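The chain that follows stands alone, in the form predicted on its own, written as structure tokens.
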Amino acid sequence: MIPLVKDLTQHGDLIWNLVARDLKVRYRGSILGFLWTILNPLFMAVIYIFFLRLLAGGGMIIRYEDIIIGVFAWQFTVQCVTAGLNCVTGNTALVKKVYFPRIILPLSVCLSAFVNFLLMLLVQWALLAVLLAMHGAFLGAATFGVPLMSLYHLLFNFSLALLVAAANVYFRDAQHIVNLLLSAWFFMSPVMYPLALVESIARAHPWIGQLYLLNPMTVIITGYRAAQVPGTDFPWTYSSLVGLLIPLALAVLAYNVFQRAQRYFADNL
């Protein structure tokens, strides 16, 4: 781990340049620029709210705050995973001609997405403040801890980016498989509905609710909601603790897998 930190420190300029390049390329030629980062999740949130109300027929309690927080957090993960897929294969010339720690490539795209997410949080807080004020509520002090929580989220996303980046070098079908898995994972995570909905459905079979808490995105999104929405509690159970530990274990696994795989990147590009 110490050699890794040393390598990253020595290549700090390269990391900064790659992050800056990614941010510039993302909005190059776009009239609205960064606004698209905000408009996309907001548009998704509006669609989810509309269809959920349509399907529920007014019988389901839908809080706009939950959907906004869920969609913004989900977009952060999707951006890291999709950018991670092509971070190595999209830099073939760089990988073949220049020596540098290959782990910098997935790290740079995740840091770029992290910068976007932090800026999105400012917009998210403004929206939540307005929505909560309509109900006579306010953002609590725990809201200031959200950026620290997002570092844990970043670690999880970085681990996923490491795995998909390595996989896509050796198996080009990985990007299609990952897209399918992301679609399934979306519905298996409380992005557009609160955890309370799952808990109410799982009352007859409690093991379903406990299994659901093993999903890292479940505990991450619920943690964001608990910190920002008054009246939302985090479910401190054995399963949720395991769900919180999974990203840490995944980080170790992903790092070792990537380090082994990166030795032959140049030969497979």
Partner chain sequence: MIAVAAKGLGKWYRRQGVGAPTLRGALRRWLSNKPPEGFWALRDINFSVPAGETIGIIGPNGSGKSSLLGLIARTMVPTEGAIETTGRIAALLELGAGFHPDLSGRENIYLNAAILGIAREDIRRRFDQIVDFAELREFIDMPVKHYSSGMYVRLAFSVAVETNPDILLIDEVLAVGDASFQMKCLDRIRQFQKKGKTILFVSHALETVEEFCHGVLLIHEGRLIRQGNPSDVIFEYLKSYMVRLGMLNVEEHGTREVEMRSVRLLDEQGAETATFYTGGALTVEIAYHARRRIEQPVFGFNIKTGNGFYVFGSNTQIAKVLIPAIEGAGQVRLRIKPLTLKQGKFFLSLAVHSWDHAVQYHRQEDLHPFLVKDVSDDKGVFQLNCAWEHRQILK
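Positions refer to the first chain, counted from 1. These numbers come from a predicted model, not from an experiment.
The discussion below concerns the form predicted in complex with the partner chain, not included here.
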Within a 4.5 Å heavy atom cut-off, is Ala266 in contact with the partner chain in the model of the complex? yes
Arg102 versus the partner chain, in the model of the complex: is there a non-hydrogen atom within 4.5 Å? yes
Spell out, yes or no, whether the shortest heavy atom distance between Ala254 and the partner chain in the model of the complex is within 4.5 Å. no
With heavy atoms only and a cut-off of 4.5 Å, decide whether Val25 touches the partner chain in the model of the complex. yes
If contact means any heavy atom within 4.5 Å, which of 163-171, 185-193, 123-131, 142-150 contacts the partner chain in the model of the complex? 163-171
Just one of Leu197, Val178, Leu94, Val78 has a heavy atom within 4.5 Å of the partner chain in the model of the complex. Which one? Leu94
